[in-house]
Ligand SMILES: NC(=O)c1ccc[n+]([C@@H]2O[C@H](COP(=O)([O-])OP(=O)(O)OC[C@H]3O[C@@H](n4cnc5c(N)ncnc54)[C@H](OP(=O)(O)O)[C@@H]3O)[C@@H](O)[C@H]2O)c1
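There is one chain below, alone, in structure tokens, taken in the form predicted alone.
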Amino acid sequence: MSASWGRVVVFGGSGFIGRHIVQRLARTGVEIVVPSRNPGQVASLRLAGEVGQIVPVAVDIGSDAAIAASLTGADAVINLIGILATSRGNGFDAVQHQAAARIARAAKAAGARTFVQMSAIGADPASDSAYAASKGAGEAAVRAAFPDAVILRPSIVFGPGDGFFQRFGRMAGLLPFLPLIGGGHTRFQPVYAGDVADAVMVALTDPACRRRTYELGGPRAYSFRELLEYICRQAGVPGRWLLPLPFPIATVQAAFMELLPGKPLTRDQVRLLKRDNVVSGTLPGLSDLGIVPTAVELVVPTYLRPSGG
């Protein structure tokens, strides 16, 4: 990164992908501001940089004034904020659309030179999934406020601490079967968190990326069934039963499961599973950013395999 860069603000920097990005930014020597509702949760990130280099700040993403204050002096802004399920006071539209719009407007007003928005494959304001619709609306709002923004749309992201492979790995170790929603035909193109972080770094520094949208997928697409079978093998339970669950039945079950702590499955997630989560081939991707995608098989066994396996 150019030495002329002084301050980069990373919304969502304490999250799964955010930590990879903050670590990379820290190696460049820039000052990194990480806004958060709970700055204490960001404290451990300070260890990734020099003393005083990584600065957690308190911010309410529903407040224009608070966001503007956190962006004072920002040269670049990265918005990684997203949720997979709603909670009280945190709806999809509020977090993934309205907050993205506020951050982009404030970044433009602060004079930031670069803005990177983390979206998702399938983002579409017209989607019947509230998650995908809010991601699509967030993209449009960012483009309107900050036309030069770079938008990144990853497929499901894997790496230590992920919410897919580790989640189903734990389920495989505890349950007599795993739900094969929709028969397991939905296709995914998992992308490594480190590759996504590398994509953000290129997007920050290469002017050719401005105003472009990138779809980020790994080197191979898998069906949902193939992924669950792979997870079971790596988790040491290769014979675990995969129970086909038609979408209508999955929707009914999700209506109850989304009431449980942690919301193991929601109706909106079932709607998302009705569509493949792979790159379209019509937009640039990792190769256009000079990144060779990392295979699932090179990383997932390092954190999913049982001890001694």
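Note that the structure is a prediction, hence the values are computed from the model and not measured. Residue numbers run from 1 along the displayed sequence.
Below: the form predicted in complex with this ligand, not depicted.
- Contact between residue 234 and this ligand in the predicted complex is not found at the 4.5 Å heavy atom cutoff.
- The shortest heavy atom separation between residue 12 and this ligand in the predicted complex is within 4.5 Å.
- Although the partner is absent here, residue 70 is not a contact residue: none of its heavy atoms lies within 4.5 angstroms of this ligand in the predicted complex.
- Although the partner is absent here, residue 118 sits close enough that one of its heavy atoms falls within 4.5 Å of this ligand in the predicted complex.
- The stretch from 155-163, 170-178, 108-116, 142-150 that comes within 4.5 Å of this ligand in the predicted complex, counting heavy atoms only, is 155-163.
- Heavy atoms of no residue among 197, 217 and 294 are located within 4.5 Å of this ligand in the predicted complex.
- Distance criterion of 4.5 Å from any heavy atom to this ligand in the predicted complex singles out 81 from the list 81, 123, 74, 203.
- The partner is absent here; in the predicted complex, the one residue of 130, 101, 221, 95 having a heavy atom within 4.5 Å of this ligand is 95.
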